[in-house]
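Just one chain is shown here, as structure tokens, and it is the form predicted on its own.
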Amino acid sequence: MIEQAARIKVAIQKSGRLTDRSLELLERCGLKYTRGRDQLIGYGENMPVDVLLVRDDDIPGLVRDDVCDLGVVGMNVLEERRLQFQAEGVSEPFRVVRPLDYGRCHLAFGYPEDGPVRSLAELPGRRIATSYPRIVQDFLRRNAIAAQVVEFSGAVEIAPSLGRADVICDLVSTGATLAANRLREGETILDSQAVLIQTPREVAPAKTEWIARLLQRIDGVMQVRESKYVMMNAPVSALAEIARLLPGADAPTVIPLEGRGDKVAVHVVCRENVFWETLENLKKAGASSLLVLPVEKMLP
């Protein structure tokens, strides 16, 4: 039984756009955990890793205070909290250890279609509604724009129609919400995705090895997200062309075929998507018996 003090605590969003993908990531790293329906802690069964499900804007603080060793949070939330900590005199509240390449969105201005403001040049003297006041204020300061930031919690897109603001600055994924509220997307001030953060404090030696193993597994999961294992037979004379056609591949493994001096088996991991067009081009180059398989795990 591993002592509680030696167990790694990972904070993830309790409910929202990052929750399912974050839990899936940990499960693909091999974590099996037990959690009751109303419990906010999942206890790792096969690894000394526990999952805490919390509000997303609490995650940076939990990691800063060393309540949690690791956390998964969007860069938008992280940057807002970082600026808050900076204002409080905390220079290094957490360390970003991995971008996770999901939960992508961006923080952008939204201008009413029938309003007078169309660009950054017309922002001075205007009111900007946002749920990310520190990020927006920092952007305005760095660009010498004198505008008023109005903090707005939830449904930021309706602020102009309520007369609370002239423009908004909000998260955008598809742009559908802006369009539905007759807003035109403007300049982006922050690109966001899920990231893994770690406490800035020294980690107990009992945790160090398992954190390193978890990070290695995360790297392996991310590497195989688009990877495919491709097998085929091919003429020896076509190997150079076939290697050129394989997307994102290292040097292929070439295996002699019994009784066929002019033909070999080729096995390779492609780190990019393998499309039908790729297979058709490989066949034209002389490949046959093409087989594409998903890759479940990979250690770099």
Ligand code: ATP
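The shown structure was predicted, so the numbers you read here are calculated from the model rather than taken from an experiment. So that there is no doubt, residue numbering starts at 1 and follows the sequence shown.
Separately, the form predicted together with adenosine-5'-triphosphate exists; it is not shown, and the next lines address it.
In the model of the complex, none of the heavy atoms of A287 sits within 4.5 Å of a heavy atom of adenosine-5'-triphosphate. In the model of the complex, at least one heavy atom of R17 sits within 4.5 Å of adenosine-5'-triphosphate. Among heavy atoms of C105, some come within 4.5 Å of adenosine-5'-triphosphate in the model of the complex. When adenosine-5'-triphosphate is considered in the model of the complex, Y132 lines it closely, a heavy atom lying within 4.5 Å.
Relative to adenosine-5'-triphosphate in the model of the complex, residues Q84, S91 and Q198 are all farther than 4.5 Å at every heavy atom.
Just one listed stretch, out of 200-208, 218-226, 92-100, 165-173, contacts adenosine-5'-triphosphate in the model of the complex at the 4.5 Å heavy atom level, and that stretch is 165-173. Taking E241, E272, D65, D57 one by one, only a single residue has any non-hydrogen atom within 4.5 Å of adenosine-5'-triphosphate in the model of the complex, and it is D57. Among L140, L178, V149, V77, the residue placing a heavy atom within 4.5 Å of adenosine-5'-triphosphate in the model of the complex is V77.
In the model of the complex, adenosine-5'-triphosphate lies beyond 4.5 angstroms of every heavy atom of every residue of 78-102.
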